[in-house]
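What follows is a single chain, given as structure tokens, in the form predicted on its own.
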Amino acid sequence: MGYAGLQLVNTMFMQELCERMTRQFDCDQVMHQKDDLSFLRVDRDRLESALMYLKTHEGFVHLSFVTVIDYIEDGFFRLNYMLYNYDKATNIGVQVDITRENPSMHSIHHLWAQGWTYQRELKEMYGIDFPGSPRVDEEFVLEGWDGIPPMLREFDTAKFCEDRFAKRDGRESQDIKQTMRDNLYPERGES
């Protein structure tokens, strides 16, 4: 089968899969990004069963990653669970929205062992709790961190740097064109 044939097979598989998922798990949004990549959104209470179904019945045995988008203006986080099917060479992103106020989500570490690592990172960087996830409350990367989670959109990176790091030569903003003229091409003058 050629590339065009594989694309058609992937497109049909993903469309049929998303239709099954919508019927079975009441997905409220489906987006086909490419022939081998689709996203669907489920309710937080159906996430675990949707992921289990994709793993055990549809061949999405690999959890590629878990990430989050911070919709601060709308008051919620969107968690993205990216799964891969080796037999079909396709990806599906399962999305779930959770509130920013006391954010918490069911742990998926029992479905994919490496899930606890992603959850631990999201707890540290965004403050999202995953009760029951191994080592979720231990420091992961930010040893001794005492501020708000640094990936939250309200985190002020510039203020943090001003407060934390001393001023020193070389940290000033410079006009890159003038710097290049002065340092790299002084013989060219102003032209």
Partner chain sequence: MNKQDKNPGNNRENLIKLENAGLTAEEQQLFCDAVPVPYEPYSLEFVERFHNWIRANSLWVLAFGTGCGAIELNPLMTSRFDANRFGVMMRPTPRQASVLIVAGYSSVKTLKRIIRSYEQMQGPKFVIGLGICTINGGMYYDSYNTINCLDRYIPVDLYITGCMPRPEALLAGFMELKRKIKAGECDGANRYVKDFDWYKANQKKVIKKWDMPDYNW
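Just so it is clear, the structure is predicted and the values come from calculations on it, not from any experiment. Numbering follows the first chain given and starts at 1.
Absent from the display: the form predicted in complex with the partner chain. The rest refers to it.
In the model of the complex, the partner chain sits within 4.5 Å of a heavy atom of Arg164. Although the partner is absent here, Pro150 sits close enough that one of its heavy atoms falls within 4.5 Å of the partner chain in the model of the complex.
The partner chain in the model of the complex comes within 4.5 Å of no heavy atom belonging to Asp26. Interface residue remark: Thr157 is counted as part of the site for the partner chain in the model of the complex, having a heavy atom within 4.5 Å.
Of the residues in 114-128, only Met125 comes within 4.5 Å of the partner chain in the model of the complex through at least one heavy atom.
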